[in-house]
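Two versions of one and the same chain are coming, encoded as structure tokens; call them structure 1 and structure 2.
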Structure 1
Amino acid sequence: MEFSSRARLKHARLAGDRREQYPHSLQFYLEPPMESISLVEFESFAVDRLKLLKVIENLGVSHVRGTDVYKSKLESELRKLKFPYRALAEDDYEARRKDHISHFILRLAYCQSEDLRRWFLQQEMDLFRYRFNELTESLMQKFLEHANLSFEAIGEDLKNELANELSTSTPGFNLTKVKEQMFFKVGLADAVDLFRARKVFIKDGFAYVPFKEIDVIVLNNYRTKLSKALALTARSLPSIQSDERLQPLLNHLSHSYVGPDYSIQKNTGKISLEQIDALSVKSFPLCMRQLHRALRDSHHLRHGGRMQYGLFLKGIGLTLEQALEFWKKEFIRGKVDADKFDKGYAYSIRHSYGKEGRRTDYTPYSCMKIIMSNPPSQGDYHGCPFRHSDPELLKQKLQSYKIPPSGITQVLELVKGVHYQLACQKFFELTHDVDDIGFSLNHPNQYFTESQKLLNGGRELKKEFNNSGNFQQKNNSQESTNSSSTPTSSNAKADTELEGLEAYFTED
């Protein structure tokens, strides 16, 4: 029997000694996992890690990295999602395995564009930094040896020879301290920041770094390795994407939103049309408030706006009948006559409620989808204002909503840092007068639900105007039976319009 090291490891695992495969809770993810897993596990691992990385992103902006608050929040998330959180935990095998596999799956999803790569790299770096700094000194040294980073610790003789140089080049290190601490010989490229500022002794193209500074070096090394690996993965992606089981999953992950999709309306019929104006000011996120305002002002919205806003309204509980009435009333005040509305626009509204064509019940757009796809052009009002509006105009808008200047500055800072959802969270905090939004914003309907919860003292959405709502529903249902017959009429122009509409309804 041939015993290659990999076979040996497998053998060891079968034999029950699983610790050999993952001797440390931390790793550099140099070797991809070599085993079979089910598609279910594949997806659940990936989704969990994505959740973790998003938490890390949020924490990184709301708290200073390395503070106790940051650390405790991150640790609790790691435990919740069953990732390794403590270096010495004995029974960590499952968590470490999950960590290993999920990292590599996300590489596949996040290597595909410059933006995705940058995001993934940033969050993985923060995760690594946290876990590395949680190690004790001795564990750190063990890890460094194991990781085979070619950072050699220099021997005592060499250290004594260089003692003077080391103490004059390394800030905070007098001769005594030099004798006490370990020094590592590291390539110049790994110690760029220390080398450029002359904060380290260099000789023959190597920097002699004290143990105290090694974490920065390790991190830089990790970043370089991961960055290269991502570029390499991107190049081999076509062959992976040809696997039909994986392709939709991977595409979905990188645009994914990992929360409730608001497709099953728990609040159907609880909102009346009269409430919408008030709600748009109190509880709509800025994107929807903007769309609503534009609709009221111009009595029209283009396709992108109709989709984004229409599905949102569906998500907050508007029934099909209410939606038809809402849009028709508005459009009629514009240039559209009732007939044209019934023939064209009504069809597409019913389509988005799953009552026509493919009969897919379309889900309201998540923030990720709004930010990343279908950017608005001139005459459009959809999109994410934090992403798509000119910062000056955004500022003016916030001023018109009486947001205090300090708040506006904070929002604009987040926008500048490309943290659009966090900017929206800050907007929530400012308009609801709370310090901490208390949740991680990923979806406009989530914004609405949470806002309503807050304003109604945590209770469920109030059931108002039930009677009139029912009455309206009855009316609308009659209307809809009438209008449902129109698409079948052989009107050539209507047919082509409908054909064109079908093309819009591709789910991604």
Structure 2
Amino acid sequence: MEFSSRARLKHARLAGDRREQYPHSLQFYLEPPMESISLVEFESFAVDRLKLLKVIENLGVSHVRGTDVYKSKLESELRKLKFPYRALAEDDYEARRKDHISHFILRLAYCQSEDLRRWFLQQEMDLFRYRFNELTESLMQKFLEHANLSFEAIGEDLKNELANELSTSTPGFNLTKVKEQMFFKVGLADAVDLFRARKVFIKDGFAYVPFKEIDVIVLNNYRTKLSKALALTARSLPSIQSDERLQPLLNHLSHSYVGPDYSIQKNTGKISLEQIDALSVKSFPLCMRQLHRALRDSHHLRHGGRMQYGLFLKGIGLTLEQALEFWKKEFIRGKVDADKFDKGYAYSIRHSYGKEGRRTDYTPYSCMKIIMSNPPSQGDYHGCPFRHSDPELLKQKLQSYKIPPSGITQVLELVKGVHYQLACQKFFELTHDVDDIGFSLNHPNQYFTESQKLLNGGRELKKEFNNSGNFQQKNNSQESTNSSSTPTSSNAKADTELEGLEAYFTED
């Protein structure tokens, strides 16, 4: 794939000549795209597909795959993000092109570790399964030919001869249904999963697979190809890492947050310091609730905790003056005197609000950044409790919060399945007594905002009178001007800028 900053007008004019590239809406992504695209389009395609894969992850846990609710919600997302969801829809060249290119971009981003490869593989498999099962039988047959999976369909004579065995060995099939259904003669190696589940008739080293089960074989084939491709892509990373334009984008995509920008403080000044203890119990996600409790108990947090919690508090509306007062009051109750706080810690707080150094307005951490970056060590309280806590300790913590045993089991199952954000989402549902929150949870500040909406009947926070000064305005006008830009761009910038901030938090 080549990348340039040229506009795509030329490619739009040539689109008609390129439609033969995508004869079918589905593909195994065997050939990488060879055209040039702009970096803006590169980023836009990647973010859109990442949003879709996040939805697929959430739906796969919240709903049974293949149900009507699952299908309708996933189709809605595909339509919204302009990915092909109808096999041979007219004039969908651009959607197919986007599907093709975006897959390969995320393949580059998500091949960098075993955990990332596993996550990407699972979501892509679920997306492919949905799209394949939406095909009619004739279109499935066309795809099998397109993918060089032309399994041999058995003739009527052989099917009649084996009718009793096929109906006995194939769950849900009687003799009438056997006669109506097309069966394929498939090598046993390709049908291992069906054989293990006792869903097919086996004879002479071949499985006789009904058409409705052919998706299992197609998906196994796709899994094998994509798994190998991810491993090969990982080996090619050194050549990609030498490109100073792409590597920062790819690194950020694998840790990416694609939701609202919580550096824009809509609630500035609406929360008083006296409210924080109560809010921490009602509306803080578990990671921030844990940090708040540790701060109250020990009157200190190490630099990782101060960064994570401090930016969260900034995001929920604490002004600079409130933040300085909050941290100073707590620290001087411990081993830090007022003079030491003013000389050391106060500077870092002003820095995070864009009042010192490069005057950058820093962004609160997203879930992905907390999960994937800077794991806590002994004596630390930052990080994601669902990702970084021992399961037994997590269970005890949930019990102390009066989570019912059935709810704790659900949370621990999600953690075991490496669905940390969904575990946090389940924690939200359990603590707010709702069955389905109706959104994908991706950010601690999103958790707080949605909690407050729910508790206040959908209303915004009321402004609280406080003596900590007026609203804090951003000094960086460019930040404000660009607040509606692509989320990945602003967060990529923030990631780079946070490197400077960390230097000011190194004192424990």
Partner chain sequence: MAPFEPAALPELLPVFYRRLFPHGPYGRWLSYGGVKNYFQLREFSFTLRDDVYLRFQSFSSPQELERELQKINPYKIDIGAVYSHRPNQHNTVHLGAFQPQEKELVFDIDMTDYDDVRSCCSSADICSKCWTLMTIAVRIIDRALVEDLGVRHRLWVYSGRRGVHCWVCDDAVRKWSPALRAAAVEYLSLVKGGADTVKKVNLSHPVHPFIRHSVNVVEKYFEEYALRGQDILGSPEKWDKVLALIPEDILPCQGRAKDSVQRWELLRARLERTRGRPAAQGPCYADWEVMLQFCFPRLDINVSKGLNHLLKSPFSVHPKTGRVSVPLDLQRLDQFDPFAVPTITSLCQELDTANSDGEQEDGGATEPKRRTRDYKKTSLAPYVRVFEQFVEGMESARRGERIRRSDLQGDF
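Please read these numbers as outputs of a predicted model, since none were measured by experiment. Counting starts at 1 with the first residue of structure 1 and goes up one by one along its sequence. Take the two forms, find the largest set of C-alpha atoms that superpose within 1.5 Å, and that set is the rigid core.
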Compare the two displayed forms of this chain and pick out the form predicted in complex with the partner chain.
1
Has the Cα of Gln181 moved 2 Å or more between the two structures, judged after a core fit?
yes
Relative to the superposed rigid core, does the CA atom of Lys199 travel 2 Å or more between the two structures?
yes
Relative to the superposed rigid core, does Asp435 relocate between the two structures - that is, does its Cα move 2 Å or more?
no
Rigid core fit between the two structures: Cα deviation of Asp157 in angstrom
9.0
What's the distance in angstrom the Cα of Phe211 travels between the two structures, core superposed?
3.5
